[in-house]
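We begin with a single chain expressed as structure tokens, specifically the form predicted on its own.
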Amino acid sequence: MNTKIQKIHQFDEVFDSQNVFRLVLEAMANPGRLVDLAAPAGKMFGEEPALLALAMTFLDNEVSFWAGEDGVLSGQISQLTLCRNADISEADFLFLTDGEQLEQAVQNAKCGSLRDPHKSATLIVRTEILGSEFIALSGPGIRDLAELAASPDVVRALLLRKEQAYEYPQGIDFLFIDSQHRLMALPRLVRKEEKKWDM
């Protein structure tokens, strides 16, 4: 089944997965920067090609995922990757196709432990990234401050994460994917700063 499903797509398990992984690393190293996933996403079919491209890159039978009530997406991810579908509080990767899922996901996602902070969840959120609210970001990978005109979902995600008051170095990572298949990463230690903007 896995081989038959993969043949429907043009996404190469090795070459394209490596390309996506490099793009994700670029985004993680430069929080707030948009990187273009349109080319690899264009090799996947279905309603969520960018999410499937990320699933093909990150998932295998040694990790787990959660995709909410989206049975179609869950089925596609399972068939393409042979990855196990888990409860929201146990999953390594959470795929969100609706901003309304943010609160549930952030509040329930595993955040790692003080001994093993890397055993935390990555939230992959399909939503618009850019918007009308100007915010300043600080943290690893950012020199001084990074300025971003963010969408309501991005701002809300940062607020929800802050409200969890994780003990350092625990936390969750965000990967945002917009309708143009652009990716932006906000790793766990990146935060929104209060800043007065010059008009």
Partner chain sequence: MKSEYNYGFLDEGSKREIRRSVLKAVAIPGYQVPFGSRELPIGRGWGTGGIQLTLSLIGPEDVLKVIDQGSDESVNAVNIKKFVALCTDVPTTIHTAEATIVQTRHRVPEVPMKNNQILVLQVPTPEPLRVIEPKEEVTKKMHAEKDYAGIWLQLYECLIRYGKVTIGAEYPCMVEGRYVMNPSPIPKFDNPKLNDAECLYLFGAGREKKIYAIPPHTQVIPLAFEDVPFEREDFSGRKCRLCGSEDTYLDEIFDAETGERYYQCSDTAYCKEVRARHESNH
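Nothing here was measured: the structure is a model prediction, and the numbers come from that model. Numbering follows the first chain given and starts at 1.
Below, we turn to the form predicted together with the partner chain, even though it does not appear here.
Checking 141, 68, 49, 131 for any heavy atom within 4.5 Å of the partner chain in the predicted complex turns up a single hit: 141.
If you check the partner chain in the predicted complex, you find no heavy atom from any of 35, 99 and 137 within 4.5 Å. The partner chain is not shown here, but in the predicted complex it comes within 4.5 Å of a heavy atom of residue 63. In the predicted complex, the partner chain sits beyond 4.5 Å of every heavy atom of residue 44. Interface membership of residue 56, defined by any non-hydrogen atom within 4.5 Å of the partner chain in the predicted complex, is confirmed.
Of the heavy atoms in residue 87, none are within 4.5 Å of the partner chain in the predicted complex. Contacts to the partner chain in the predicted complex (heavy atom within 4.5 Å) from stretch 12-28: 13, 14, 15, 17, 18, 21, 22, 24, 25, 28.
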